[in-house]
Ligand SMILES: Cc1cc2nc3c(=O)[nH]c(=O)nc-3n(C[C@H](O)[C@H](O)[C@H](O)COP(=O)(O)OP(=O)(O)OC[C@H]3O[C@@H](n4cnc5c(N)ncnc54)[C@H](O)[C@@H]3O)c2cc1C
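The data below hold one chain only, encoded as structure tokens and taken in the form predicted alone.
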């Protein structure tokens, strides 16, 4: 090549969050040269604001595409965490701690007992615990608990370590990454993407992956592609005090997760405020009410810090993964809402196979962006429920 010109990558991934880094890691593993372009810092939005929950059964209201995808991804964590430790040297602090889904009144108890039937079909280890059994397992749980579902397969991970491990391992595989490089649009010729336009100029490539988190809908909209994805702010705080046993406490007001560093994460709020990712007094008030509701013994814990991030929610609250309708050479990978960490392994693997091998996994059918072909774009679309 003349003048030391850098060859165009096979794939440009737009977005350096956990989804973009997982896609890049898996693409390089299948032999494709890959460049990740991130407008700010790697994982600066939803990823670093996440508590790292791995709870597909708890997050689901019943069998369906999300639960199927979540369980498949959950099964990938141990082998992928081991591989990332070998490649990056980073311990991602994966903990299969189990989760207690608390019933705080009679109505919640009835609801959880109804859920137990289908949960047991998927995981024989899920069981109902009496109030006494709950407090034997986790003495810090509120005495007002009416009972709980114990979900032993679920757990948590360090979201920042997970991102760092994916990014470092991807770099060591040969993935190029640029921070502070916003993508303005996608370049196309004859109905096929030929590259991206950045604030620093054009970048040619063979394929573009849009993994831009809460901004995915806006970027896709610039291409005339309807993808109703919008930001939902989530605020989280950390305490240091008497640690919980390690079991996640999850109830209607929020959740409490004990981390290996001795901190206790309390989350999380949800509000639609556009692209405002500031921590608010109202958000902190809501989070501080979680403690007396589910773990009152933590009321005297030291306040460490609070932070917020923007979660990318789609109009139907399912991820948006697959070929962009109407423009060849573009794949969308977004809309993961509050489960980006959980779904990052399976999303990276499925998107990489789709691009490198042309393999459209049947699991991607319900997640295909084409389902929104006649939907309003991100600014106008809202889900019927954030529950």
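Owing to the predicted nature of the structure, the values given are computational and were not obtained by experimental measurement. Residue numbers count along the first chain shown, from 1.
What comes next is about the form predicted together with this ligand, which does not appear here.
Residue contact with this ligand in the predicted complex: residue 49 places a heavy atom within 4.5 Å of it.
Contact check for residue 19: a heavy atom falls within 4.5 Å of this ligand in the predicted complex. This ligand in the predicted complex is approached by residue 255, whose closest heavy atom lies within 4.5 angstroms of it. Looking at residue 183, you'd find a heavy atom of it within 4.5 angstroms of this ligand in the predicted complex. Annotated contact segment (heavy atom within 4.5 Å of this ligand in the predicted complex): 231-239, selected among 113-121, 145-153, 231-239, 298-306.
Note on contacts: among 350, 69, 341, 27, the single residue with a heavy atom within 4.5 Å of this ligand in the predicted complex is 341. Residues 309, 310, 311, 312 are the ones in 301-317 with at least one heavy atom within 4.5 Å of this ligand in the predicted complex, listed in sequence order.
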